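Below you will find one chain, with nothing else, as structure tokens; this is the form predicted on its own, and questions on how it binds or moves follow later.
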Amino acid sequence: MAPLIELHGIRKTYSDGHEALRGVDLTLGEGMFGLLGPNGAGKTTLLSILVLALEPTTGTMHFDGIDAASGRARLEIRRQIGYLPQDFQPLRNLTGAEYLVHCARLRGIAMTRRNIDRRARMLLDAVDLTDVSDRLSGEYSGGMRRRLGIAQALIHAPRMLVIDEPTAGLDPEERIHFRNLIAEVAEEVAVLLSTHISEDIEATCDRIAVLTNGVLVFDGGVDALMSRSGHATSLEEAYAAELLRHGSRAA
């Protein structure tokens, strides 16, 4: 099966001269893929390019064989990708249900209002927010807001879900709840999970990549990364050893 997303030679240099990405090659398909890297590694820049929110300086990206450089294709590609950014905040004056309907309208979903309402309620149930669906989202806890974020990213039935640092700041119980939810989503939709927390990757992903200083230094299975360190007894140790090998440290 052909990969869903193909990146070749992706570089990004900002106007101040900072080189955030330095020649990233990556292919993504079905299932769950974890992107590990310390703060400042270039993860958010890479995700922004993946969801077409940012243009690379050089390099190419194809989504299901479609060249993302084509202006006519970009709208269609965006319809196929759901995104939960690290700084996600819903509109506080809307209830959870109202917010999902609002997101559906923004994305131009070709459904009747009744069917949009039905899909919103179905997603709220899937992320365990049914009991608070009519409460203002501004009153939600951090974990509840992240779960609403997953629902909004899925409202338009994308083929891929891109998630940036979803469990940062959550308590242990909420983190486990959120990880379980992401694993369930990955049974139906391709998921890219980006984080600096190795435990989240270890609990959910079979394939991982490590990004540091804008360079993808590893791409493979968890066992392969463990083997590279030679002595690691956990993914966290193997990840730390990989960063040290390339002159970086975990955040």
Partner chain sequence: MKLLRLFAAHEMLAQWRSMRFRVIAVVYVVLVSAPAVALFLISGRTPRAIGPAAFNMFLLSEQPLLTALLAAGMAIDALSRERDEGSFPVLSVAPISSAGYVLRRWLSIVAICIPVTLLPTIISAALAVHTRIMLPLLPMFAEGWLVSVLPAVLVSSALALSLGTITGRAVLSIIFVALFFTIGLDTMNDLLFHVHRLHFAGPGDLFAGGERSIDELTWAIRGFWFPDVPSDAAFPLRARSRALVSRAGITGAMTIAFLALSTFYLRRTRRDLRPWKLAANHPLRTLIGGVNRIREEYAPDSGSGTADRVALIVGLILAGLLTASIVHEQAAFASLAAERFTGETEQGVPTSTGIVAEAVTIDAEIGIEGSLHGHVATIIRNTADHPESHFSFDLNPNVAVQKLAVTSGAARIRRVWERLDVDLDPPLAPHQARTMSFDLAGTPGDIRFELQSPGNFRSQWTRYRDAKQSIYLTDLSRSSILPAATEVRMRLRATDIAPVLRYSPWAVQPDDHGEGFLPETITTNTALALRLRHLYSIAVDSCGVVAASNEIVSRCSTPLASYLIFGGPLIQRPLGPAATLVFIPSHEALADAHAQSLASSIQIASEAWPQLSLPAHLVFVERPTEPGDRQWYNESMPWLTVEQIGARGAVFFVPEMLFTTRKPINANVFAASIIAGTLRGKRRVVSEDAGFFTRFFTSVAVGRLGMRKSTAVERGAGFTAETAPLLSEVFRPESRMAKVLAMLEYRVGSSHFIDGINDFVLRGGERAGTAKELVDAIGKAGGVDLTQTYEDYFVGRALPQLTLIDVTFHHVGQRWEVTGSVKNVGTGEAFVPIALRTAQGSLWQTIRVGDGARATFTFSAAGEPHALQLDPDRVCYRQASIGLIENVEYRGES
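Positions refer to the first chain, counted from 1. Everything numeric here is computed off the predicted structure, so don't read it as measured data.
The same protein also has a form predicted in complex with the partner chain, omitted here; what follows describes it.
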If we take heavy atoms and a 4.5 Å cut-off, which stretch out of 177-185, 125-133, 161-169, 81-89 is in contact with the partner chain in the model of the complex?
81-89
If you check Asn39, Thr27, Thr57, Thr60 against the partner chain in the model of the complex, which one has a heavy atom within 4.5 Å?
Thr57
Answer with yes or no whether Leu52 is in contact with the partner chain in the model of the complex, where contact means some heavy atom within 4.5 Å.
yes
Do Met144 and the partner chain come within 4.5 Å of each other in the model of the complex, heavy atoms counted?
no
How about Thr13: is it within 4.5 Å of the partner chain in the model of the complex, going by heavy atoms?
yes
Contact between Asp117 and the partner chain in the model of the complex at 4.5 Å, heavy atoms?
no
So which bits of 91-111 sit within 4.5 Å of the partner chain in the model of the complex, heavy atoms only?
Leu91, Arg92, Asn93, Leu94, Thr95, Glu98, Tyr99, His102, Arg105, Leu106, Arg107
